[in-house]
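Only one chain is shown below, in structure tokens, and it's the form predicted on its own.
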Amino acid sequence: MIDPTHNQLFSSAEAPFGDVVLSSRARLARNLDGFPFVNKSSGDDCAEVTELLRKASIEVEDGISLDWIPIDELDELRAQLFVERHLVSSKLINNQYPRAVAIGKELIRSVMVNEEDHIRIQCIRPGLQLSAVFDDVYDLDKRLNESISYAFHKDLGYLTACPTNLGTGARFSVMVHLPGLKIVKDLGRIQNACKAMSLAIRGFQGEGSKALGDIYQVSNQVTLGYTEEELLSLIADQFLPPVIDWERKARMHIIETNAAELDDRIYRAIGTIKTARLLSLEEAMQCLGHIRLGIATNRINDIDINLVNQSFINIQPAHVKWHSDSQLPETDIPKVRCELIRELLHL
């Protein structure tokens, strides 16, 4: 089960390009041969798929340990913890038919069963580590395929419920922190780059969400006609290098032209966290984003960036409840969040 003190999602300050790239994720969509897609399945179909995947996940060995968790056995708080950790999607939690998730003990690898597809294999690591997370999911994919047969077409590739996943079934995404480009009002450059490369740019929680703390999620939109290596390279080698350079230059430009305004943002954020009695999630995330910018630009050096990175997750609603009292009323979360964030950052 998730331990809120064990938070590796954004936690490593030493991760490659960690000043801009918070995390990297690889995901593979797969379906079982001989079964209808989830949206066309009966409850019995989903139950049979779930049982086949349970057996297959138990047989995965050689350094990969997965805990099998039926979603129906999760209470509401634990289910939301999984969502906030990006280990499962809200869609999986809210579906009504038999479904489950297998989670690695290191809390960076998970397999969703009966979400949009029968199988969604994913891995998340801090910083720019797209090759590493792809190796992780590819290894797990091969091991599962030793026990079960995938729906595959010799011309179309892996068959998926959504046409945009057809082919490799691979999605690569990165979480990027872009406060500099936001301040200099140059985010349009990122949006144009995404459009030119058929990439999607979304908010903190992915599709349908907004950016919090100037954190954005970027991923490939299509998979058909590309190899996994080409999709990975599209983000890691073509998209990210200029974006990282633009963000770093924007930060330097702010320091050189208006350092006082930058320091004001940073220290107002620290002051807000120190003195606030109520903090919404949006305001708390924005304060953390400004503090993280201050650390990355060496304007402050007495706050550990790892603590800030971890706090992006630990101040989410379900995590606030978990850290304090699982029966905490929703109306008390903004108050308790204030106390928790001060505790987390040692302020």
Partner chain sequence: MTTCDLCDKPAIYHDVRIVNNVPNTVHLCKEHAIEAGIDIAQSDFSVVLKIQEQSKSPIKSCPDCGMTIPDYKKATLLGCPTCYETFSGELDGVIKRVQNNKSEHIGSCPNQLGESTQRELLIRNLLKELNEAVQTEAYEKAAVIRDQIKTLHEQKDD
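Positions refer to the first chain, counted from 1. Everything quoted here is computed from the prediction, not taken from an experiment.
There is also a form predicted in complex with its partner chain; it is not shown, and the following applies to it.
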Of the options Ala200, Ala151, Leu187, Leu77, which one has a non-hydrogen atom that comes within 4.5 Å of its partner chain in the model of the complex?
-> Ala151
Out of Leu224, Ile244, Ile270, Ala132, which one falls within 4.5 Å of its partner chain in the model of the complex, going by heavy atoms?
-> Leu224
Three residues, Trp68, Val83 and Ser110; all within 4.5 Å of its partner chain in the model of the complex via heavy atoms?
-> no
Decide whether Tyr158 counts as a contact residue for its partner chain in the model of the complex under a heavy atom distance cut-off of 4.5 Å.
-> yes
In the model of the complex, Ser233 touching its partner chain (heavy atom, 4.5 Å) = no
Ser42: touches its partner chain in the model of the complex, heavy atom cutoff 4.5 angstroms = no
Taking the shortest heavy atom distance, is Pro36 within 4.5 Å of its partner chain in the model of the complex?
-> yes
If contact means any heavy atom within 4.5 Å, which of 236-244, 167-175, 260-268, 122-130 contacts its partner chain in the model of the complex?
-> 167-175
